[in-house]
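Just the one chain here, laid out as structure tokens, in the form predicted on its own.
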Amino acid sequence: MGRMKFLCDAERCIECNGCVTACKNEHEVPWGVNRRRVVTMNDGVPGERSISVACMHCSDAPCMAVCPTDCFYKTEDGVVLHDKDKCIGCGYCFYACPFGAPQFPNGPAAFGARGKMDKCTFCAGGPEETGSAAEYEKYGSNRLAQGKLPLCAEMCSTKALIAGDADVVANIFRERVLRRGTGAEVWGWDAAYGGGERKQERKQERKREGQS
């Protein structure tokens, strides 16, 4: 069974919010709800980093553990989804989630008027019929059923946000870390677009030229 996961490379994220915009546009997310958001740490000082955050589709999801109506469930791909028809808007999942993924669509209203919880679906739709109007209205586009990855990751301009099977994502990130070096070498075109092999070839060529 696959385990679909997100990973955001803080060395590449430029806080453009392209992932946030892509998500809202693709799923027509209600105003006031961001299924994905960009968080910046040490803003304006040396060491500033940004990271794109959404539901992490945990292997042992705390939202599933605390939901009194069992509206959360996990698909065969390891994606954590929820059934809005079962949701009572109690907010337990909101307080349990360390990433703040579940959100009330109606904001700070009186209890019972805040609506059904909304969260990132990994572009996997919901329990309604796949591709149906009802599914899109409640959960947005079902891109996984179309053989596509979440649009937020596809639209990331620096490819900081990666989505897919956990093993594949881990291998991609591992290769990046091995190739991009440290210090000043972290930055630049080679670091962002995986030109490490060509860079090593150029070093070897210069070395051979110096010996000849």
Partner chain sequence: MSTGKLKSIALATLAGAALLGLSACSEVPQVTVYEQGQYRGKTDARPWEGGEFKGDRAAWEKALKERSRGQNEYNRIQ
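Positions refer to the first chain, counted from 1. Since this is a predicted model, take the numbers as computed values, not measurements.
Below, we refer to the form predicted in complex with the partner chain, which is not included among the displayed structures.
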Indicate whether Met4 is a 4.5 Å heavy atom neighbour of the partner chain in the predicted complex. yes
Is Cys97 one of the residues lying within 4.5 Å of the partner chain in the predicted complex, judged by heavy atom distances? no
I'd like to check something about Ala153: if you look in the predicted complex, is any of its heavy atoms closer than or equal to 4.5 Å to a heavy atom of the partner chain? yes
Answer yes if any heavy atom of Leu144 is within 4.5 Å of a heavy atom of the partner chain in the predicted complex; otherwise answer no. yes
Note that the partner chain is not shown here; using its position in the predicted complex, name the residues of 114 to 151 with a heavy atom within 4.5 Å of it, in sequence order. Gly126, Pro127, Glu128, Thr130, Lys138, Arg143, Leu144, Ala145, Gln146, Gly147, Lys148, Leu149
